[in-house]
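What follows is one chain in structure tokens, specifically the form predicted on its own.
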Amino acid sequence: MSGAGGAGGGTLLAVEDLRLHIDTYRGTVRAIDGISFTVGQQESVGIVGESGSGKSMTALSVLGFTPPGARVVSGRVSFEGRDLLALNDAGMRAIRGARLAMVFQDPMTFLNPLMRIGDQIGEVLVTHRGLGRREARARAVEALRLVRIPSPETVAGQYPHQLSGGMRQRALIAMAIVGEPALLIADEPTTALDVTVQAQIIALLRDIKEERGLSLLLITHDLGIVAHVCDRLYVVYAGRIMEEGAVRTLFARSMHPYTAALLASVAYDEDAGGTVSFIEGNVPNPIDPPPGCRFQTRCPRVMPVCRRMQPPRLPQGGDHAVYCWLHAPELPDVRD
């Protein structure tokens, strides 16, 4: 099992060797291909990667929100000691919104346009806590106040289309935390928001995590966000983990060429006349991925073994580990 204990001293979520395939008319997509990670009590963990890397599908799999045709081929998702993959629909519904909640990318997709904001937030408490409508509405207003929405009583009576993008995202966060979950999953929570609002939302998530003592799993492509929010980081590419460890360690001493390329793509030193670097090539076809290391087709340091064999998890001290043959103590013989 990869990962480490959390800030609170125990493991809250443990995903072990998760493999999820999606059957399509073109073939079987290997969306998640053997991912393992942990989130500890009161810990912030990031999963970062390009579009198509499988990071969002991993988050959706934890909650049981998989698309049509998707099937878990193997693995275990343990949350508070219970295997979520073994639960039926009723069992998952009892956990979602109560102990486990998610903030999605696009609030307009997940907010009901025909319900007032306060009623939507309160519905979580009616369903999971058995509260009456009046008490649930009062708690919804308090949740809106916690996410720093001005005039929360007024906003509670409004519909989603009456709010700005940033306000809708705050309302979605309020809906996620009102049930007092142990783990909050945020999937690209700043998508389509301007830079100023992005910073506000990220600061809000960080403060809520600290104030309410919950754990946070952040799904993002933005390493800048990770630097401000997360304790540990998993770098994902084409359905597999490339590198994992403390954020400070990976930023100071990244060892996988993909992690280094991601960091270089956001590093910019204007005074030194620097430019933003790009990763050439594309994420491989998930229906027919290359053998060996998934990053081999874009890696500037590829070796023959990389094209033949998948690298194992190679511990680098502490909770730092890399999946790369460059750091193997000895290379296997791949001669024909």
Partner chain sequence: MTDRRPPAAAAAAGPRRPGAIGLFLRKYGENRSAVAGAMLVAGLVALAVAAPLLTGHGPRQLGAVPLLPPGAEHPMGTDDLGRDIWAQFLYGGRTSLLVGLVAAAISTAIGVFLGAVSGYFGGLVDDAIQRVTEMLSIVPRYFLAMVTVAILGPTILNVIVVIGVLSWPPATKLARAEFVTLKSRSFVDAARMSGAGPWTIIFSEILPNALPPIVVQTILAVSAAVLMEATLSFLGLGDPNLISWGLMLNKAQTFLTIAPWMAIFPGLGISLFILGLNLMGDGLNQALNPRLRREAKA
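Here the structure is a predicted model, which means the values were calculated and not measured. Residue numbers count along the first chain shown, from 1.
Unshown form predicted together with its partner chain; subsequent notes refer to it.
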{"query": "Residue stretch of 35 to 43, 58 to 66, 307 to 315, 22 to 30 approaching its partner chain in the predicted bound form, non-hydrogen atom distance within 4.5 Å", "finding": "22 to 30"}
{"query": "4.5 Å heavy atom contact, residue 286 to its partner chain in the predicted bound form", "finding": "yes"}
{"query": "Partner contact for residue 52 in the predicted bound form: its partner chain, 4.5 angstroms, heavy atom", "finding": "yes"}
